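In C-alpha cells, the next block holds one chain alone, the form predicted on its own.
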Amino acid sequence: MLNEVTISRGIIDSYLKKLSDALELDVAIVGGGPSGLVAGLYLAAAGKKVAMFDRRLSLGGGVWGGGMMFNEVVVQEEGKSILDELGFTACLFQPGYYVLDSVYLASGLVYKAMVAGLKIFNLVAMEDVVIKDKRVAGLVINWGAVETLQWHVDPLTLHSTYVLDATGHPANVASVLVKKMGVTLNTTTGGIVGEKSMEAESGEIDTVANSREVYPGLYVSGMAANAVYGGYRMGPVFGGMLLSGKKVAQELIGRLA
C-alpha cells in the first residue's frame, strides 16, 4: 500500500539533497531559455558542476510560444550545426532556413541538458548576487512566488566560480549588479546599454558576439547579452541563441580547466 508520508519524505529528502549539493558550483545559470539550456548542457557534458535556476514553473524561455503563439521556430544555417550535434530534426523551408516545432525544441533542450547532468531548480528566483573581492561569486536565491508576492522572506545563498545571466530581455542578474553595486560593466557606456529594435540579421550576429564576460565572474548570453551590450532583437529565429550558449560554455570550460 502507498503511504502518503513516505511519498512526501521521498520528495523532501531528495530535493534537499539536490539543493544542498548545489550550494557550491562551478557555474550557476540564471534563466532557463535556449542559450542557458545549451550552455548548461555543454558544461555538464564536460564534467563541470553546474545548476540552473528559473523562477518560472516551466523552462524554455521564449521558445514555447514560437512566433506570436504559432508554435514553430526558425533556425538559420549557422545554428543548424547545434541542432545536428544535439540530435534535433529540422525541416528545410528555404535555403538557409530550417523550421522545427517549438515544443519539441524547448522540451528536448530541457531533457538533453538534464541527461547531460545539468541540475535544474524551477520556481527558484535570483534575488541578488554574492560579491567577493570585487567579483561575482554566487547567487542569493528565494522562491519565485516570494519574489512575485514581494513578501519579506530572507533568502539562501550559494557560491559559484562563475554566474551566467541567461534571463533574456530583462538581463536580471546584470541589472541587479549595476543597481546595487554601481559597478562599471565591460560595455561602451559602463552600464546596461539596452536592447535595440528588430533587425534579425544583426540581432543574430550580436547575440553571439555579445555573449561574454561582462564583469569579473559574470557572463551574459542570449537576449540578456544583447540587452546589456545594446544589440538588436531578432524575434523567433533561434540559431544565435543556440550558438551563444555553446560559445559561453566553451569559454567557461576553458577557464575552469
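One rule holds for the numbers: they count along the sequence shown, beginning at 1. All figures in this text were calculated on a predicted structure; none of them were measured in a lab.
Keep in mind that the form predicted together with a small molecule is missing from the display, and what follows is about it.
>> Can you tell me whether H169 touches the small molecule? I mean in the predicted bound form, with a 4.5 angstroms heavy atom cut-off.
In response: Yes, contact at 4.5 Å.
> Taking heavy atoms only, is Y42 within 4.5 angstroms of the small molecule in the predicted bound form?
Replying inline: Y42: no contact with the small molecule in the predicted bound form.
>> If we define contact as a non-hydrogen atom of the residue within 4.5 angstroms of the partner, is F53 a contact of the small molecule in the predicted bound form?
In response: Result yes; F53 sits at the interface with the small molecule in the predicted bound form.
>> Can you tell me if V178 lies within 4.5 angstroms of the small molecule in the predicted bound form, counting non-hydrogen atoms only?
In response: It does not: once the small molecule is placed as it appears in the predicted bound form, V178 has no heavy atom within 4.5 Å of it.
>> Just to confirm the contact call: exactly one of 211 to 219, 184 to 192, 42 to 50, 56 to 64 touches the small molecule in the predicted bound form at a 4.5 Å heavy atom cutoff, so which is it?
In response: Of the stretches listed, the one contacting the partner is 56 to 64.
>> Counting any non-hydrogen atom inside 4.5 Å, which residue from L100, A137, A125, I82 sits next to the small molecule in the predicted bound form?
In response: Going through each option in turn, the one that passes is A125.
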